[in-house]
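Below you will find one chain, with nothing else, as structure tokens; this is the form predicted on its own, and questions on how it binds or moves follow later.
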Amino acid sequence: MKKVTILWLMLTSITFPILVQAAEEPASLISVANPRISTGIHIGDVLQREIQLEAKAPYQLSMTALPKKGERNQGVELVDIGVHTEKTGDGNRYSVSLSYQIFSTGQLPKVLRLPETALALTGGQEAAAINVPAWQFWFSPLVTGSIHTARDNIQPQIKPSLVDSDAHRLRFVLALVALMTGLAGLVYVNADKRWLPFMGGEFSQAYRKLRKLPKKAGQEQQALQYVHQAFNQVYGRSLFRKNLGQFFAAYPEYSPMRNEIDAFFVRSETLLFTTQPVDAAQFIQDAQHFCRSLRDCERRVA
């Protein structure tokens, strides 16, 4: 009997290994990126916190259980939150971005913290969550002490260095001269009145009259008369087509328009000595363009 008892005690003292399969975690925390600096942080500074985690199907991050924008804890307020989701092989990867702004006050440095964050997971049979620990940092007031301390530590402002303005002054003068020259050229080419030499010539006056002439039937004769009067006054006597060679020899500035002038005299003879119908409005408009070109020759700008 004694031997049997000893044998039973020996058998019960042997430890047999038991294999237990660990349950697979529904989610895992990949990384937590806290701000790079933890000292010298002032009121109004914004601290960024990036959290990455993976959730295996069917679990997914609960958007309704995220921290609420506007939550404030010891002078640290959550001012923005963003979530980016990326599909992985057997679940989802989440990137949670949290922005905290510091509103704490005080005259002495103190330790503050970004609060602990719990990210809940839903979709599975059991509730699950990822806990992100708090992160501490030193808050530094902008001025330690009273207004007297700030006044005693005021630093004088550095005067800005002087800039040599001679080169800029020369460029400004050259640009101003170019501008005035361009404006004078525009006035000389386009103005009707006599402000500069050659501006109040015979064709300039005829052009002003043609612009005021109504474009209607019966006025084509008047338009023709204005242009012929200008030619006669320039030539000094009545100018006919047979005298155009002498006219160009005496006034070579009109030679670039030799063909146009000859065509005008042919058209004038047709209008004066035939009963061929004419479009009065078109004739007056053509006379205006023709007289303006003669005005440019008169001003030596053609």
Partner chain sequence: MASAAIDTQLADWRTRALKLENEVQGVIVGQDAAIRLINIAIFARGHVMLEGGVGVGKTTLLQSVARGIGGAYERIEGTVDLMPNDLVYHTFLGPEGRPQIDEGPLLRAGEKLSVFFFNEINRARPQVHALMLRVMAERHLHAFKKEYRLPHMVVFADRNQVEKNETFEIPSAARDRFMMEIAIDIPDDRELRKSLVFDTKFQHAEKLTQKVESGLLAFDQLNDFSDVVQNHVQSSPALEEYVMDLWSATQKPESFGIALDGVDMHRLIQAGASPRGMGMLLKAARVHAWLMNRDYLYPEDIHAVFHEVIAHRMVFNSMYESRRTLLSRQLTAKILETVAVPAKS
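Computed from a prediction, not measured in an experiment: that's the story for all the values here. Numbering follows the first chain given and starts at 1.
The form predicted in complex with its partner chain is left out here; the points below concern that form.
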Checklist entry - Pick from 128-136, 221-229, 114-122, 175-183: which stretch has a heavy atom within 4.5 Å of its partner chain in the predicted bound form? => result 221-229
Next on the checklist: At 4.5 Å between heavy atoms, is residue 272 in contact with its partner chain in the predicted bound form?
Outcome noted: yes
Next on the checklist: I'd like to know if residue 68 sits close to its partner chain in the predicted bound form, meaning any non-hydrogen atom pair within 4.5 angstroms.
Outcome noted: no
Item to check | residue 240: touches its partner chain in the predicted bound form, heavy atom cutoff 4.5 angstroms | outcome: yes
Next on the checklist: Against its partner chain in the predicted bound form, would residue 233 count as a contact residue? Criterion: heavy atoms within 4.5 Å.
Outcome noted: yes
